[in-house]
Each structure stands twice: as structure tokens, then as C-alpha cells.
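The C-alpha cells that follow cover one protein chain in two forms, given apart as structure 1 and structure 2.
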Structure 1
């Protein structure tokens, strides 16, 4: 087996070739990861090809792509898919814009810089369940919520945010929690900017706005892409905030919540629920392919260095 791996180094006393000696420390982590991620994934694909209701127990039957055929006409699925898109795109864009603005603010010297940064990163450290619950119960609350208090002070009428605008309420909450993450990535980008180039531009008489548009933005691009892509793969999976803020419903049931509802959450239709989850995977794979291309571009630079 060792010879096929093309190593030219003589086997060590242990009987392991150099390439296997190198590989050995990697194997436990690799095997664990494969067992825990790939095996369930393959099982999910198999489930999605069957008609299988667990409660009441019915015999599992192979139906091929039948579950996927039904997806197209499934009104609830389409609604959940659309909600998933909204609950991913809006928070990602909102948090990258806000995160960039915050990073630009923090990238200057001022009194108490470290303290302001600490304030700004805190939402990202909070438990997602807690974030959902405090926004629901203290910020968006129809009677005692802080936002409605402000609206009333300004002469407006209070709004039941959670029941009237569930998608926007959850999206706003997600933006609040994810902006610090984007801010940190952009900040890392800003601080890796070569100072001499900026200095030269300044000497040449470039305006601060000109410098930002022509130099900084170009330099930040890979960082923004990375933030958007990582944010997307995490936000497409959001479950916690949906579960605690609305517990599902039109405009807030996204695909992960829908899968849960239709399976262990009470639907017990494992066959069809699996087909929903495979759709989420396909969407994620498309995004991840782009993400990995960006990452590999960043890693290429490392080899030259």
C-alpha cells in the first residue's frame, strides 16, 4: 500500500513510510469529522428518496425523486424557502454595511477606543437564544418595548412588531448580532493595509474620500467577500432566533425551522423533511463553492510569502 503512494524514503524501523508517518497525526481528526458529518449527510440523501413517516409508523418505501417532485408545488415549502432567502440576504447585507461603517470608525485613534470596541463586539458574544428573547421582550414588545416607547414619545402609534413584521423583526435582531462579526473581519483588513501606499497617496494630494474609494475599498474587497460568504453560510442555518421569537409562522418559518416542524417537531415525515434539508444543502454548496474559491485565492498568497 505504501509503495503506491510514491514515497522514495526507506521505511522507518516502525514499518511506516514517511508519508504515512506524516498522515498518522491527522487521521483521528479526519476520521471523526467524516463519521460525524459525511455519514449523516449520506443517510439524509437516502431518507429523502424514501416515503417514511415515523409517527404513525409506516414501512419505509423507496420513492426515488418523488419527494423532490412534490416540493415544486408545495406552497408551504415555497414560503419557507422565500423566508430563508429574506432572512439570509437582509441580515448579511445589513451587517456588512453596518460592520464596515463601524470598522472605519474604530480604525482611528481616539479616547477610549478599546472600550468602544468592547461595547461593539458584545452582541456577538451573547447567546443567540438570549438575543432573540431580549429583542422580542424588551425592545419589540407592543406595550412595554423600548422602541414603541420612543415611537410614542415621537407622537406615533405603537406597533406589534413581532406579529406584524416577523421577518423584519428577526432580520433586525440578526443584523444586531452579526454586525460585530463583520466589523472584526473588516477591521483586520483595514489594519493590514500598507501604510506607505496611503502616505504616498496623501503626499500626491489625494482627498480622504478619494483614498477610501480608490485604495481602501479595493484592499477591503476580499475581506468583505469573506465576511459576506461566511455570514451567508451561518445565517442560512439560523434556527434559534426563529424558535424563540415567533416559534414559526408565515414570514418567520425558514427552511431549517420547517425541516424541524415537519420531522421531530411534530410532523414526523422524515422522508419529505429530508428532501427539504437537502435543498438547503444544495444552496449552501453553491455558496460554499464561491466561498472556497475566495479562500483559496487568499491562501495562494501564502505560498509565495
Structure 2
């Protein structure tokens, strides 16, 4: 008689599934992240639907989308939005062009390459407040700034860059800080080029400029797109350089600093300031979504290659 037929399979003990056992240690971090990020965001959405002024103290009243309806007619908001566009587009384009130029110079072997690369990366490692103070006090200062010292040596007249050209001064500072970031991305793209294709182009008699225009530039396109999108996501939120260099003076107030002025910076209108911040967050989410799609496509392309 076959005794195996009478063997009973022991029931599995009741408890969590294997997948939930793996996820359980991550739940505290997930809950903490939700509490730290999403709860304040939901509260900001609620505040944006109310008329809430702290000074003078007034009762909080629900106004629905009234604060958002006032955005279009708010001249100062439109001006801050335009300044944000300037402080995003100009630094991104300037840093991507300079970053590409430096990456092309570093994409070759020479003595001291590692030292030069480290020195070029340094500006991106500095804190934004430090960068703003350096350029305000050591570069743009009217009396002892480096740029005005050079202008005087060339026979020119010193220029008060911060007061006369505040937006362009901040944009130049951001270009200096973000050029290393773009350089690293473009350099990674240059070093991923297939060497056999470049050698074949040289054998066929292609000039260096022709190789760059027809082969390298097309290969670098997704890397440039990635750098532009990531730079846009971060630069649209610039606050430190504006606060340190100009203090939100005329022509230099962007949306993040505008939200600060309308809330804890003296305006104390938390309802309308929250609606402004929600608009900035939505714009950042849209840009970040596009950036993630580009990054996903870039990684898929690398896997195929």
C-alpha cells in the first residue's frame, strides 16, 4: 500500500505574505515621507482656498478659487513670473553652452586633467548663499569688485551691476554655478560615443567640426535635453541668490521670493501666498515629469546600445 497518498500537506501558517514582509521595514520611512511632504502640501492647498491674513488678524474665510482668479490681474505676480522665466531660461541656456564648451576641452588626455576637472566642478559644490555673497561682494561690488577693477584698468568707468542690472547679475551668478553641472552631463555623453564610428568618420576624411556637427551633436541631444530639463526644475525655485544679492529689489523678484514677501516676509497674506506657491509647485511638477520621461528614454537608449 502506498503510504504517500495518505500524507497530508501541512497548512501554511497564517501571517503576512512574502511581499509584505519585504515592504514592512520600509513603511516607517514611507509614513514619515508622507507626513513630511504631502501633509504640508495638502494644508497649503486648503490655505490657498481661504482668505487668511495674519496681520491684522482676521478670521479665516473660505473663498474657493478666488485667490487663483486674482493671479492674472495681479501686476506684481506677472512681473515676478516673467523674472522667474528670465532667471530660468538665461542661466540654463548659458550654462549648457559653456558646459558643452568645457566638456569638449576636457574630453581629451592632457597633463593635469584631473586637477582641472576638479577646479571646474568646485562652483557647483558651493552653497547658493555663499555663491551669492561671493559675486555680490567680490565680483560685482562697485568699489573693490574684481570686474570693476578690470574695467578701471582698461580705462572704463565702474558699474553698479547689482543696482543697475539686478536680473542679469543674478543670471550671471547662476550660470557660473550651474555650468559645472551641465559640463558633467555633456562630458558623460561625449565619453559614451562609439569610438569605431568616430574613427570611421576620420578615415573618410571628415573634419573635426564636421564630426561634431553631424555625429557628436546628434549623440549629445538627449544629454542636453536632460541637462536643460533638470536645470529648469531647480532654477525655477531659486531663492537664495535673490535674497542675498538684491533682497528682492526692483526687477529681481522671482516667484519664490514673491511668495516669501506675501507671507512671512511682511505681507502676511497666507491665503493668496499659498495660491502663488501652488502654481509654482504645479509648474515644477510638470517640468519634473517631462524630465523623468527624458531620463527614462535616455536610460532605455543606453540599455539598447
Partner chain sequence: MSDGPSPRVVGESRSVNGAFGLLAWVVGLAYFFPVFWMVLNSFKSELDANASPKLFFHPTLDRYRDVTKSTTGLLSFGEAFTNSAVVVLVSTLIVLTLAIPAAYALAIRPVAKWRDVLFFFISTKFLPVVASVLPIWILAKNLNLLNTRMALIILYTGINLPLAVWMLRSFFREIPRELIEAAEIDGAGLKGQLTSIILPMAAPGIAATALLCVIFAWNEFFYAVQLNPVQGSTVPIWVTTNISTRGDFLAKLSAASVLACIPVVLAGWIAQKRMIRGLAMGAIK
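It should be emphasised that the depicted structure is a prediction, and the values quoted were computed from it without experimental measurement. Residue numbers count along the first chain shown, from 1. Just so we're on the same page, rigid core means the largest C-alpha set that superposes within 1.5 Å between forms.
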Practice prompt. Could you point me to the form predicted alone, 1 or 2?
Written response: 2
Response to the item:
Rigid parts turn between the two structures; the listed option from 242, 262, 183, 223 at their hinge is 262
Item to complete: Could you let me know the angle, in degrees, that the smaller of the two rigid parts turns against the larger between the two structures?
Response: 7
Response to the item:
residue 34: Cα shift between the two structures after core superposition, Å, came to 3.4
